Structures are given as structure tokens and as C-alpha cells.
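Have a look below at one chain only, the form predicted on its own, in C-alpha cells format.
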């Protein structure tokens, strides 16, 4: 975007810095142009290198949507500012966002959700909540399988190091930014092992931050309370899928998801992006709001130790909002004074660099983010001392014979269990159907069959022998899960109805 205004001069000298930028798709080029103009005006020592991400990369045959120039630039400069991306539907195309986060180890997703009432209409005018989302694990590992004609599977992977890293990041963020409370949200009343681990790690680490209040909530009521009583929260830390949903809810009730910025932080590099999508229906119309990407770039400047230009940009943006100069998405008669296009909105911010809002609280960022926010401690020593004991195996069968009668299946499997195992139970969709199942339970063609090891057998090779017997009898074993105890504690779930 061209502007006739001179570069903002009321900023301390900064070293020159090159930042890779991916314009993105849809409205991406417009809002990126506006954002870069503001960044350059506030911090003249910044320069930008465009890299290939999104539709252009997909169209060139890159299924990941990321060009080699992007990987090279990130490796060199350890940062990227990215516009919204469109992922083509079908055809095996991978999400650019997920690929970048996981490949680069960007484990912490930070999304501040703040209301700017009364200048921006908001369902919750007092909201000021920071959502910290684990960014690499959970169902976003993208490990899915079709195992039968009727059943599909998605694996939810949660690790202790991943939990420790994100939980400690949340407490360090609260400490560094003067936040008073951290809330953990999970669904450990149902997923007692995976979400249970996250909750336990949270409780353990919270003890190391006695000055910060902490509590835990089940994610469903927690999300409802974020929408209805956001002043009960300060910092929220949660798992990947929950955090994705929760941050969108929080941003929307704060005023608009179009105003929400986002940072993705790792040990060695970071990515900054708007939360919203590429909105191709309004691309090229000069009406898109660049605020989400701009606030993401403010977070980027703070991360890079350029706090003064970050503060100047944020305060100028607040002043523009306060004066009622709004883009179409947040324009409200009686609240807004003038409707501006994308370019005009950016120019209004540049004109106000060096000014502070009169009614909204001004911001002043610290000179540097603490190192602890980039390199939180992770204890991996404990896992090496765990005593792991094989207790049996769950065998998942694709079986569709004899009217799907679990009594028939159970009778056959009891014989095939052999001397090494006995058949303890059969479940269908997680519900016990044998022995003594309920005939009203819906049954598909996918059965979990639990075979505990007999006391006199502990050789893992017995599992292979069991699978051979099942195959010889014509059974299709589509998956197995070994059953272990860890230090005498059962590492596998009970069945519903067991």
C-alpha cells in the first residue's frame, strides 16, 4: 500500500531486521499490504521478504502449500508473518497452518481476546482473556484410519513433555504480564488418561507458582462460562482442539474474530497470523479489516524485542477505534463516526503514530519478553524410570457375521484365546456388549476384544501367536493395542458398562 506520509520518527533506533511475510490468499494481500505499511512507518529499520505459501504453492504442485523459499527464509530469520490461507478441499492437501506449527515446533498458540466496548460492539464488553492453546498434539496429529465399512478412527495423542511445556508457558506468561489467575480446561471426566494427564501436570506445575491463582474446569461448562461470564477468567490454558474452538468463541463475544491476533511460539522460531479466514468473497474490494493481522504483527514486534514500535502501533490503533474510524465489519451507526476502507484505515493509524488513546487504556510493552516464555523447563527424566509391565492386548476386529451377535463372537474367541490369554470382554463403539451386554446397544462391524495375559505368561510374542490363531480362523484384526501397567498403575481405560 502506498502512503504519502513520512515514516514515523518518534521511535528509538532499532537494528535493521528482515521479516519473511506470506501474503496469504483471498483478502490476505490487501491486509498484509496495509499491515506492512504501518510496520514500516513505525519501525523504518524493518524490511520484508515475500515467500510462497498457500494457493500459489498448491497450484505449483506442493501438497503442503509451502514453498522451499519459505522454509529457507524461516530457517534464516526464525520468524514469519502470515496472512490467512485457503486450503483446497479434498485431494489430500495438508493445512499450511498445522504443517508449519508442527514442523517448526511452534508449541504455544497465544490468542488475546479483548473487548473494546463501547467503540466496538461486543456481547461481553468487559472481556480481557488470554487463551493459551497447546499447538502440536491432540487430534491435530492428523492420524486417522478407516478400519471397516462403518468405522473411522482419529488418534488423540497427548504427551507429558507437551503438557509440561504448554502449562509452564501459561504460568510464565501470567507472571511476565501481571496476570493473576490461570485456568486449566480439559475433559478428564471422560478421557481420564489423555485429558487426565493434562490436568495432573497442570496441578503439579501450579504448585511452583504460589503467587498465581489456579483452577480447573471441564471444557464444556468452561466454554459456556467464557461466553457468559468472561470476567471470571484471566489466562486459560487448554489442549489443541479445545483451544481452537474456545479462542474463536472468546474472540467473537469480545467483539469480532476479525480483531483477534495470534502468535505461535517455539524454541527456535515463531509465526504470527490473524485468526480469521481468507474471506475470498470480499477479496479485492478494499473493505477487509487488517486489525487481526496488525495485532499479530504487534505481538511479533514484542517477541523480537521491538517494544516501542509495538506500543506505538497498538496505541495508534486504539485511538483510531476510539475516534470511531471503523472498517465495514465493525461499523455501527451511532457508535462509529466514519466507515473506512482497508487502505484508509491503515493511513489513519499511521497518522496517529506517537499518540495515545484518551479513554481506552494505553498499552506499554516491556522491552523484551522473558527467556522463560521461549524456553520453559521440561522434565523428561521421570519417564525413564517407569516400570512398564505387559498385561494383555486389545484386538480390534472387523466382523460382520451372524447378525452381529456378540454371543457368537464371544464363544469363538474364548476358544481362540489359547493358553496365554483369556477373553475378558468385547465392546462395540466403546460399550460392553459381551458378556451380559444390552441387546439395545447399537452394534457396528467394529469390535474391541480384550485379552488379558494369563498369570503364567508374560511374553509379548504371545500376542503374535494370538493374532495368527485369529487369522487362521478367518477373523480380520484391523488394529491392536497392548495393555500395560506403569509402576503398577493401569495404563488403559475401562469399557463403558464394564
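Computed from a prediction, not measured in an experiment: that's the story for all the values here. Numbering follows the first chain given and starts at 1.
Same protein, other form: the form predicted together with nicotinamide-adenine-dinucleotide, not shown, and the subject of what follows.
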{"property": "nicotinamide-adenine-dinucleotide: the contacting residue among 130, 275, 79, 340 in the predicted bound form [heavy atom, 4.5 Å]", "result": "275"}
{"property": "Answer option from 211, 367, 358, 281, heavy atom within 4.5 Å of nicotinamide-adenine-dinucleotide in the predicted bound form", "result": "281"}
{"property": "Stretch from 412-420, 218-226, 305-313, 79-87 whose residues place a heavy atom within 4.5 Å of nicotinamide-adenine-dinucleotide in the predicted bound form", "result": "79-87"}
{"property": "Triplet 97, 288 and 329 all within 4.5 Å of nicotinamide-adenine-dinucleotide in the predicted bound form via a heavy atom", "result": "yes"}
{"property": "4.5 Å heavy atom contact, residue 38 and nicotinamide-adenine-dinucleotide in the predicted bound form", "result": "no"}
{"property": "Proximity of residue 433 to nicotinamide-adenine-dinucleotide in the predicted bound form, heavy atoms at 4.5 Å", "result": "no"}
{"property": "Residue contact check: residue 27 to nicotinamide-adenine-dinucleotide in the predicted bound form, 4.5 Å heavy atom", "result": "yes"}
